[in-house]
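One chain comes next, on its own, written out as structure tokens in the form predicted alone.
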Amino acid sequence: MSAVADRYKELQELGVEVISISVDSVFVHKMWNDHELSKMIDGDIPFPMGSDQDGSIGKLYGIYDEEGKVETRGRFIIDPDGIIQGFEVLNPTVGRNIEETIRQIKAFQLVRESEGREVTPAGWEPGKKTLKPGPDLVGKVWQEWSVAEGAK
């Protein structure tokens, strides 16, 4: 949460809206923000922290643990049409990487803006070569991949 809060302005500049949801009550969120998160960032969490006490949202996304009555930590990238483009669900013992989230958002945005005429190879970074799917790429992905990866 604090890593996302630190990069929230950058996310907003990318046109991204952040919403945090957990099974905790709004009162627990307030205590967590006031006594923990606000000490890790400059100010309060700048995005909504929604409460899903009955787990109904977590159930829809497949991250609700019925036995423990908790939600597994995850992040979902949802496009402007409401379609999940990417997600990552991790055991709570391992943190997520905001750098990778931002990289993926930029990649999804590039693909969307190009209407699928450009796709991003593994590890793609903004400014790096993209792939152009189509008949001309068939059987030549390895060549394009070598160029995209900066063949040695």
Partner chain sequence: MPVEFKAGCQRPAIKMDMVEEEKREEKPIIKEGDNMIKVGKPAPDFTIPAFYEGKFVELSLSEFKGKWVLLCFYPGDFTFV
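What you are looking at is a predicted structure, and each value in this text was computed from that prediction instead of being measured. Positions refer to the first chain, counted from 1.
Note that the form predicted together with its partner chain isn't included here; everything after this is about it.
For the three marked residues, Lys9, Thr120 and Trp145, no heavy atom of any sits within 4.5 Å of its partner chain in the predicted bound form. In the predicted bound form, its partner chain lies within 4.5 Å of some heavy atom of Glu17.
Put simply, Ser22 is close to its partner chain in the predicted bound form: some heavy atom of it is within 4.5 Å. Taking the partner from elsewhere, Glu100 is found to have every heavy atom lying beyond 4.5 Å of its partner chain in the predicted bound form. Under a 4.5 angstroms non-hydrogen atom cutoff, its partner chain in the predicted bound form has Ile63 among its neighbouring residues. The partner is not shown here, but in the predicted bound form the stretch 54 to 80 reaches within 4.5 angstroms of its partner chain through a heavy atom at Ile57, Gly58, Leu60, Tyr61, Gly62, Ile63, Tyr64, Asp65, Glu67, Gly68, Lys69, Val70, Glu71, Thr72, Arg73, Gly74, Arg75, Phe76, Ile77, Ile78, Asp79, Pro80.
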